[in-house]
Structures are given as C-alpha cells and as structure tokens.
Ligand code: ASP
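Given next, in structure tokens, is a single chain: the form predicted alone.
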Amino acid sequence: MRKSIFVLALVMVFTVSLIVGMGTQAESSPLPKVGVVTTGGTIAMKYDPAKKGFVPAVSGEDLIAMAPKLRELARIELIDIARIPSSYMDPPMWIKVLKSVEKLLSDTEVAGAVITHGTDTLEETAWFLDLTVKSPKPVICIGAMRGASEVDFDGPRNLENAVRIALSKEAIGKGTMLVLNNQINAAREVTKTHTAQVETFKSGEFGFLGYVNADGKIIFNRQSTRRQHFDPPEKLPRVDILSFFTGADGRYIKFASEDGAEGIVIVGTGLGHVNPAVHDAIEAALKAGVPVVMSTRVHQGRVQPVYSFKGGGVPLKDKGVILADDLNPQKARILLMLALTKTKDPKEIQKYFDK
C-alpha cells in the first residue's frame, strides 16, 4: 500500500513538473515582434460635425486597438510620429520616418516594419524608403480610403494584412511594399489611380506583387528587380517638378533655376516632349548647372529619345537632359534628390535612372 502511494506521489510530482516546464517554455517563446510607425492620414481621421469634414483624431494606440486580431499575430512596437494629412509630408519627415524604421529593424526580434500614412503621397514615402532602408526585412506602407468613423473603415484590415506580410519569410528582400485592399504592390511601380475608391493603388503594366487571401495567407507572384540603395544625408536637395502644357513659354523653368532649385523634373507629353520655348528654357537651366530630368504625364510607358524635332527626346538627350525611364514625375523627383547627394553630372545621374 505504502509502495503504491509512493509511486502515485512520484507520478504527481512528474506531472506537475511537466506542466510547469511547458508553461516556462511557452513564456520563453512569445509572439514575434513587428514595428509600427504612424504618421497620420485618413487612417487616423474621424468625421468632425463641427468642422464638416474628417480631421486627425486617432492615435497609434487607438488604431492598434481597432485591429484586435493583431494580438494573436505579433507583439507591436509602436512609434507614433505624427497625425498629419499626407499632403503635409515633406523630405524632413521622410528622413524622420526612415530613422524610425531603421531603429525598429535594428532590433533582432523585429520581423518587419509597418508605416501608416495618408494615401495621397503614400507612394512617394514608400519609394523613398525603398531607396534608403538598408535592412532586407519587409517594410510595408499602408493607409485607408475611409475614415475611422465610417462603418466600412478599411484601416484595421489593411493594418492586419501589413503585419501578416511583415511576418512572412517570403517578404524578406522584396523591399518596401504598399498594401491596400488585400493587394501587394512594389514601391517603384505603384501609383494612386482613383480619388475615392478603395481599389485605388495599381502597378500598371507590371501588376501586383501578390495578394493577401481572406484566410490571411500571403501569396507572392513576383518581385521587383529594379532596386538600388542610397545613404541619405540629413537634408535633401531642393528639386522642383514643373509641368509642360500647350502654349508654355518656359518662364517657370527660368524662375526655378534662378530661385535655387538644385534639380528640375519636367512633366512632358508622350515619350517626353516639350515645345521650342520650353526646350530653350531647359537648355538655359542646364548651362546654369541645374540637372533636368524629363518625365511624362502619360501613366504608362517610358520616356525615350525617338523624335528629333526641337523639344523632342533626341535633341533634349543630346543636350544633357536625364530621361526618367518609367518613373512618374513624383518618383523621378525623389530619385534625382538622392542622386544629387552623389553627383551633379547628368551622365552619372542617368545611370541611376537606368538601373
């Protein structure tokens, strides 16, 4: 009898030890960590009846609380930078966001970083980060097309999807991505195409990188191969975007050149065309030592030197105009800003646009 009691006691001690051991193991294996940097935008706005419109009103903590599934996916390391419309975003804020992202990604426990942002200039911040973040860990930029006080607010779903992507091993090395409406886009190729619809971000002829399924599964179909890296300075050079239009006389190019612009991006027509007056203004800017990049107002395709009339691509290139390839004007500006931190030689800058 005593022997049976002794054996039973041993079994109970072993069982308790096993349970305690399992608990200790569970406690030593926490959820993975994901960094979240919040900057504002519609995803952080609510309708204000007194002001008759949406205004900044949602903190980073509030936004995370609106996506309760995050607690099941990851531990969130939050850096709440700002609550501004994305039209207020500027180069100093880009650098601030970059430093926050790099700080998060330097933590070995952090799998990736998510940036919440307004959609109006989201593609620009995403492209800047794609060019400047050193870590191969995923960086995902998101926003929302509907405010937090709307019944069909799309912010929590976009945030949840972004965290899932940040945790995906397949996302490593794919650079900065822009994710809305379950669709994953590469920073270089994506642009906003509709003022109000949730399916506003498109990658044109390239297509999406992948999707987030309804069950949360991440599916990648491809990756962007045209990527490069810059170490940004504390201050970026001033680059102006100036649009060509029928009847333009080039005076705005002359003003920008004389007013201190360190570079100019021209939004041309077609393959990158302007009229004779603007051609002459561009030539004068080049002679004054101001690099000029030719982009286009056409949504798809590349700037190419095909036509030889005055203002066409052939004479412009011959005079030293840099061709933006397939980058839209706002992204061409960012690449020119970063390239100018390395060189002011148009031939050398063209190499960055050709990569």
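Throughout, we count residues from 1 along the sequence that is shown. Just so you know, these numbers come straight off a predicted model, no measurement behind them.
The form predicted in complex with aspartic acid exists for this protein as well; it is not shown, and the discussion that follows is about that form.
For the residues Ser203, Thr119, Ser168, Gln183, the 4.5 Å heavy atom test against aspartic acid in the predicted bound form is passed only by Thr119. With the partner omitted here, the residue from Thr132, Ser224, Thr191, Ser86 that has a non-hydrogen atom within 4.5 angstroms of aspartic acid in the predicted bound form is Ser86. Annotated contact segment (heavy atom within 4.5 Å of aspartic acid in the predicted bound form): 41 to 49, selected among 294 to 302, 41 to 49, 66 to 74, 308 to 316. Using a 4.5 angstroms limit between non-hydrogen atoms, Ala144 touches aspartic acid in the predicted bound form.
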